[in-house]
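Just one chain follows, in the form predicted alone, and it is written as structure tokens.
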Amino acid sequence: MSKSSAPDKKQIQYDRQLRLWGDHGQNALESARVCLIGANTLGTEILKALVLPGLGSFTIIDHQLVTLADCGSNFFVHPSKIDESRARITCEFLTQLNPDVHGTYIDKPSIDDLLKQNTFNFSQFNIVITANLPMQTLSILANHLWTLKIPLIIARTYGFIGTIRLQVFEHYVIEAHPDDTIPDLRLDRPLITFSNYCNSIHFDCLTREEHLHLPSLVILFKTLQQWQKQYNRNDLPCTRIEKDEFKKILEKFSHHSAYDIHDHNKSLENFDEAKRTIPSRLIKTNLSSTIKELFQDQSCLELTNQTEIFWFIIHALKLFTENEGQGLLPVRGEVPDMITNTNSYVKLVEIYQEQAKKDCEIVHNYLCDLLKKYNRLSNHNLNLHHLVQIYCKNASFLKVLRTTAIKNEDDLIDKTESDLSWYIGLHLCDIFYEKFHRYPGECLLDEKQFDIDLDDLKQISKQQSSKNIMSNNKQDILEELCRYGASELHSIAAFIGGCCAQEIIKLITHQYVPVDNTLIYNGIQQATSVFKL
């Protein structure tokens, strides 16, 4: 390998994750700034999973001192550091994991005082994370961040239960990376260059070798042309009978005069592939429901000089679709692997990529015109080609996530879904905390105190509920939560921390679809559930 093509240190260090979110995703991660409130076990596990892949910088806000209890579950403190600033100690240990990451901390004043003073600039962060923050403080913070339109991730562990809640005013998913996608090949509305290429191929004139390596995509299109001509149609075969007729023509094309008697007994891989891919190739090309919703979104229809660049690009895509695209999005420019020779496959790739390039250029021109119209075209966004390419390639999968704001959750009290009952139980524990300034089962003086706490917790539940009778399942959950005493188990914190970091990276890179909006982990059953609250 030559020196010019050899991977650099960063490519070697981050090789696996670069395969997931690419160089542009890594650049977004390395320029991101996050704020963690609470340097407890959960908080440090979240940051650990962000520091290792190369987060730009973080700030820890925590006024607590290191305690002996911290040393039992938090790997980023040490018994020799007891009674020292927990924010400073954890910050020092975390930055040792990756020298490229910059870490700072605030141990005075407390988060409550910062919110009261209202002088701290949360707008400097891409995302704010809380770890086991009391409900009263959380409510004030959530309301403040909602006003600033800064994403908030609320993480929590409580014994064997873990939760993640997202509060996002508006988040754009640009690269969703769906698991299963139907290739954008448009056999029902073929590209002119693709149609001309296929028309230049005549089955009768092919050599044996050419016939054996004819791409399945070409085979399907030639078969479709013959089927349409034979039955005087201009659409796709839809019914079972029509598809059977189509397959008969396909079978006829698989025979060739150059084959000898031994060849007739062999299956032709390229024709077998053509039959196998009929369901994913012979489909009607249309707009996805998500992109239709974006085109009709008020933010797309009513642009201003304050509108986010995302909506300008969506509007440019809309203009393309209504004009040059004739009702369709830009060509994606991807051709799936198929059984053929190199030259034939490269030719197909060139056809689709060339059309994708032309479509992208048109969208780019629309975008520049829009930005000029609203005085948004500056030196900062002059080079938008790469961004437009990403949008055009992923146009069918673009999404906008708008979650609800964190608010009073008393209306959830009577919900009966099994895992949601744990979330409701945690809410009741928060109400208990506001009343007694400690969690149920925490700091027990004797066995009687447990029973007293449990009775108080049940009483709170009855006061919040519209039902007179408490189910046995709910009583069991409250007893279990009381038994936990707000303890932090490292195994649960590590799992929730990893999941939380994953959601944060989704938000930072605008890749993959985040949880909408609450994830609940039941460590007893080792199961996760997602609820939209």
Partner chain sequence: MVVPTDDSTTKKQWIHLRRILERAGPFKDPNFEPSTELLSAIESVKILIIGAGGLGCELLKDLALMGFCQIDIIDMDTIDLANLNRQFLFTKADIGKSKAEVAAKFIMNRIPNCNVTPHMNKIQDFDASFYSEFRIIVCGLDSVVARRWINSMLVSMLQYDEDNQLIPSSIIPLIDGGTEGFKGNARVIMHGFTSCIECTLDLFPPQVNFPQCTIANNPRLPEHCVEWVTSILWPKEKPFGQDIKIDGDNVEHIQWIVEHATKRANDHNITGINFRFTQGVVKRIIPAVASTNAVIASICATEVFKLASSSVMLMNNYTMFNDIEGIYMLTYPPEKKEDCPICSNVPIRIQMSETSKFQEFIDLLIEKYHLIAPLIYTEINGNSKTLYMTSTEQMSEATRPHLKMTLQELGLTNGAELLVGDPARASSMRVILTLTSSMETSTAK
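Quick caveat: nothing in here was measured; it's all calculated off a predicted structure. Residue numbers count along the first chain shown, from 1.
The form predicted in complex with its partner chain is left out here; the points below concern that form.
Residues Phe122, Trp146 and Phe531 are none of them found to lie within 4.5 Å of its partner chain in the predicted bound form, as judged by heavy atom distances. Not displayed here, its partner chain is approached by Cys482 to within 4.5 Å at the level of heavy atoms in the predicted bound form. By the criterion of a heavy atom within 4.5 Å, Ser471 is excluded from the residues contacting its partner chain in the predicted bound form.
Proximity of Leu401 to its partner chain in the predicted bound form falls outside the 4.5 Å heavy atom cutoff. Remark: Leu206 does not count among the residues lining its partner chain in the predicted bound form, judged by a heavy atom distance of 4.5 Å or less. Exactly one of the stretches 191-199, 216-224, 177-185, 324-332 approaches its partner chain in the predicted bound form with heavy atoms within 4.5 Å, and it is 177-185. Only one of Trp311, Trp422, Phe271, Phe246 lies close to its partner chain in the predicted bound form, with a heavy atom inside 4.5 Å, and it is Trp422.
Contacts with its partner chain in the predicted bound form, taken as any heavy atom within 4.5 Å, map within 507-533 to Tyr512, Val513, Pro514, Val515, Leu519, Tyr521, Gly523, Ile524, Gln525, Gln526, Ala527, Thr528, Val530.
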